[in-house]
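Encoded as structure tokens, the following chain is the form predicted on its own, with no partner shown.
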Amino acid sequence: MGRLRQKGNAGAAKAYVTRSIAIKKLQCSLADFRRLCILKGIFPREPKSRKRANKGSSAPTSFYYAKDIAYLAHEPVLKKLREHKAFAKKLSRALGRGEWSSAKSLEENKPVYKLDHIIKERYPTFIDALRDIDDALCMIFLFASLPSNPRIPPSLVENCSRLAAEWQLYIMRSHSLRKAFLSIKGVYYQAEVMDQTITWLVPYQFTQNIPVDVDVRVMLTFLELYQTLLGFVFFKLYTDVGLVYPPPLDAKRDESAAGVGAYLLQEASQKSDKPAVTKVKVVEVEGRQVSGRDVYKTIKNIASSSPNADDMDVDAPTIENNFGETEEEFIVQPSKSDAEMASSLPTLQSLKALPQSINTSLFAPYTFWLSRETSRPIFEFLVRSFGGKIGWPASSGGGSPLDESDDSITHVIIDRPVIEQPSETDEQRELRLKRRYVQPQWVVDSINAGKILLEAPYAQGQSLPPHLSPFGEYEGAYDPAELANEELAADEDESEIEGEDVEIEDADIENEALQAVATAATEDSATLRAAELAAEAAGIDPSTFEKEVAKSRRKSKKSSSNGVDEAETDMNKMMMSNKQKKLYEKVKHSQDKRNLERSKLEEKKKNLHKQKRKLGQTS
């Protein structure tokens, strides 16, 4: 007789645990359970059958893997949370009794947990951590712009501002910025660090208010994890490029609102003047000291010796040269299966010799001056990331390396209308003619284009061209430049049609001829010949007739192809499963939604173009 199976001890009922059971098992509060799940990266799961997972109950609840909850039970942070709960009880009891000395000693020995081990668990390698800092950067820049309140202490905002400045300093120093986009939400940046694409959002410098319906406690838990993660990442990035981390802060510059200029980048050699001594492993063999370099040299001598090397003495010679002083070249081994593939294998030297496609010193020959109405943190970061020099007035903050009267200034970033200055002196006029006044969008569009664009469309007071997102858009997205070319072709067609309409006087004869053309395009050659004779009798130009024939044929082909495509799609859908059909319908719905948005934008653009053309004709 087989073993009897009891209900609830196998299958989904054992693999999943509800949230209430998990909290009872861990013996913690709901807030602490949420904090643990956020820190450890554990999230609710959806079982195939909620009724089976909940042991026959259909009540709505959240499910977690039982293995995840068992994993949380051995977490050191959970132990610290329990100690903090006991500490809070002892502290409140001491304060209630008036035992101030014991309360002070309790406060000094307050239990504090660290998240270093969690970072090492969740991100085994540095590349894994680098791939996951997009959300961390967005959160850091968000809290750096928030005002302090009882829920957000000033020290937290200050720490977020420091981390944001350290990231910007590294990007400017390494010239890693690739793209930027000025959106309604804020400024999107994209950088490439160690072959990893990192995108983050920086809000504009407006007064931010925290909505009432936002749970700040959850965000603060995420922020706690992100601060520790970014500390690890920034230390590695700074030390790899030979910089001291954290960069020291100049208090005087910070008081004068210097921004990122208040932090000083120092080389690691400046911090420690002692030369680094490389440790060489030395082993005593038969009374002699033999190092790893000696062993390496001996092996190379044996490999390069003749076949009669058995009689030679292989004593380890003393080595004066440094180990690994010369790099060995990569030797391509011939492939037995494909000789052509082996000959085209890329090596490290060939990859280093490839030219860089991105111009990281785009603004190096230019010097910029920021007008007081432009955002200094945004454009200081953009210009310095691409090798340019920039200055700003004292009203935008201290620490400007340039003065407004500096002769080296080539561009002025200004965002105000053109105003005539009757009291302008000759020197001021000469200085103004030397410089080029551009609107802020020119800087961002030049970065996204990878080249210096013409300043005329972005000149002061000009209506700006459309500012498009440089990030990967879907195929067939709305493109104003492409639409402009189509409008030019449409204008030519409309002008031709208008000229032809003037020549044709009789509207009834024209309609009959057009109907004959439409029928002739879809029928045989005899009908087409009859339509040609009818059009010639009506006095229609042969070129107009041929154009109408081509149009009708295109319409008929399009309708027939659509019918064939629909038939093939229906046959393919018959072979799909229900799950595949639902997925296909979702994809089609998203495509139709995008096409509808594109058609709306194109129609709006066409209407604006027609209005401009009518105004130009009337004027």
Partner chain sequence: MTIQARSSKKRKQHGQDEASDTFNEAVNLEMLSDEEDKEDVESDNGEVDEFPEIDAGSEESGEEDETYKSEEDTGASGEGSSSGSQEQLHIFPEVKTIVSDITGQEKRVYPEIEPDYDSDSSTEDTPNRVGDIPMHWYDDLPHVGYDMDGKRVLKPARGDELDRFLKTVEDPNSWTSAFDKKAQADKPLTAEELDIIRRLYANENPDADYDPYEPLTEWFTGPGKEEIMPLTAAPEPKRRWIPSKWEHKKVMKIVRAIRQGRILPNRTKNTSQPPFYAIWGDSSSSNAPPLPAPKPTLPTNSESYNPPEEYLPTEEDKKQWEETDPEDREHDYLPQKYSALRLVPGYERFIKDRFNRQLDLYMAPRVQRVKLNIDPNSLIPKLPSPSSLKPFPTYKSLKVVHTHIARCISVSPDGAWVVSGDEGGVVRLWEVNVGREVKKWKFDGKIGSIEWCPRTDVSYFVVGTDDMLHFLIPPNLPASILQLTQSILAPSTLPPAPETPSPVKWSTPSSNTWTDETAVLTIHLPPSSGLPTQITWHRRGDYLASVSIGGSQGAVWIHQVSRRHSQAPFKKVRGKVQMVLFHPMKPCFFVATQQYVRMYNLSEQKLLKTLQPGIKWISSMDVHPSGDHLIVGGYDRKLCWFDLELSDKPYKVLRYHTRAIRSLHFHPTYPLFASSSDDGAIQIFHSRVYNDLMTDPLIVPLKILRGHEITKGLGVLQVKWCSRHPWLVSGGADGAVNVWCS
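Numbering follows the first chain given and starts at 1. Whichever C-alpha set is largest while still superposing within 1.5 Å between the two forms counts as the rigid core. It should be emphasised that the depicted structure is a prediction, and the values quoted were computed from it without experimental measurement.
One more form of this protein exists, namely the form predicted in complex with its partner chain; it is left out here, but the text below deals with it.
**Student:** So in the predicted complex, does residue 411 come within 4.5 Å of its partner chain, heavy atom to heavy atom?
**Tutor:** Residue 411: no contact with its partner chain in the predicted complex.
**Student:** If we define contact as a non-hydrogen atom of the residue within 4.5 angstroms of the partner, is residue 421 a contact of its partner chain in the predicted complex?
**Tutor:** No, no contact at 4.5 Å.
**Student:** Indicate whether residue 211 is a 4.5 Å heavy atom neighbour of its partner chain in the predicted complex.
**Tutor:** Result yes; residue 211 sits at the interface with its partner chain in the predicted complex.
**Student:** With the partner left out of view, is residue 12 within 4.5 angstroms of its partner chain in the predicted complex by any non-hydrogen atom?
**Tutor:** Because no heavy atom of residue 12 falls inside 4.5 Å of its partner chain in the predicted complex, the answer is no.
**Student:** Check each of 192, 455, 135, 254 and return the one that places a heavy atom within 4.5 angstroms of its partner chain in the predicted complex.
**Tutor:** By the 4.5 Å heavy-atom cutoff, the listed residue in contact is 135.
**Student:** Just to be sure I understand the contacts: of 386, 170, 437, 379, which is the one whose heavy atoms reach within 4.5 angstroms of its partner chain in the predicted complex?
**Tutor:** By the 4.5 Å criterion, the partner-contacting residue is 379.
**Student:** When you measure heavy atoms, are 119, 146 and 199 every one within 4.5 angstroms of its partner chain in the predicted complex?
**Tutor:** Judged in the predicted complex, 119, 146 and 199 all sit within 4.5 Å of its partner chain.
**Student:** Just one of 83 to 91, 401 to 409, 182 to 190, 258 to 266 has heavy atoms within 4.5 Å of its partner chain in the predicted complex; which?
**Tutor:** The contacting stretch is 182 to 190.
**Student:** Counting only non-hydrogen atoms and a 4.5 Å cut-off, give the residues of 68 to 105 close to its partner chain in the predicted complex.
**Tutor:** Contacts from 68 to 105: none.
**Student:** Just checking, between the shown form and the other one and with the core aligned, does residue 34 shift 2 Å or more at the CA?
**Tutor:** No, shifts by less than 2 Å.
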